[in-house]
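This document opens with one chain alone, in structure tokens, the form predicted alone.
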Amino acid sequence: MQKSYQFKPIGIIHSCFKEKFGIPRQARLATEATATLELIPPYNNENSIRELENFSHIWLIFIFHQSLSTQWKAMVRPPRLGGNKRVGVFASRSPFRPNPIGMSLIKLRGITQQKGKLSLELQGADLLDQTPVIDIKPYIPYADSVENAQSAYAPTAPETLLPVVFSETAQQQCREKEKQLNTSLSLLITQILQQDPRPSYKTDDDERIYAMKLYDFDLRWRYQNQHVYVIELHF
């Protein structure tokens, strides 16, 4: 008889991404996307992360917590194949898996300890806000990087990047918000939208206005002439 296993979260992600739509499909595609991993008791112990600050990157093992209610399937349609070809779920990184566990390689910017909270500051994150993390492992280049490795239908990062144009209103709103966030918000928005977060089968220009929740505002944009037009940051 097969055993079942239970895992407890060691921490919770606080991220600029407040909903699934719009999140980069892999880590480090949006280098300006920052997040914080807040360790929770009893794992918020300084000894548990001793020497971790000497690693530039870490693996985060986490739960796809908003995919728990969706039944997994043996075959899925990866976005990199245009959503038209099926592959086995174990030949993909789909969040809809028998065990909804994900992994991301993230840059570790630093470690902070304030008011009894122990947190890891992250960069290039592809993680939804409130994501439960179940483990942290340091990135070891000699073991984790394989020269001449093959990666089937995703050999390189996406090459087709759409030009992103900001309206005057959006430009001004970005400048004002950047002062509060202390980050290059316009660059982050560009990195997200140039990869076209729409479903793979939806690539034609249309009149629809798209929106995603980013930080505390709704980012609104549309497509025209193979360009992305940022309309506004709606608060």
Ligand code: SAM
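Fair warning: this is a prediction, and the values are worked out from it, not measured in the lab. From 1 onward, residues are counted along the sequence shown.
Missing here is the form predicted in complex with S-adenosylmethionine (SAM); even so, the following discussion is about that form.
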Counting only heavy atoms and a 4.5 Å cut-off, does S-adenosylmethionine (SAM) in the predicted bound form sit next to every one of Q173, S184 and H234?
no
Based on heavy atom distances of at most 4.5 Å to S-adenosylmethionine (SAM) in the predicted bound form, which listed stretch, 150-158, 121-129, 83-91, 135-143, is the contact stretch?
121-129
Candidate from S167, Q191, N44, S67 lying within 4.5 Å of S-adenosylmethionine (SAM) in the predicted bound form - any heavy atom:
S67
The unique member of Q26, T36, T31, S200 whose heavy atoms fall within 4.5 Å of S-adenosylmethionine (SAM) in the predicted bound form
Q26
Could you tell me if K20 has a non-hydrogen atom within 4.5 Å of S-adenosylmethionine (SAM) in the predicted bound form?
yes
Residue-level question: is A74 within 4.5 Å of S-adenosylmethionine (SAM) in the predicted bound form, judged on heavy atoms?
no
Indicate whether S-adenosylmethionine (SAM) has at least one heavy atom within 4.5 Å of a heavy atom of G102 in the predicted bound form.
yes
Within 4.5 Å, heavy atoms only: does L52 come near S-adenosylmethionine (SAM) in the predicted bound form?
no
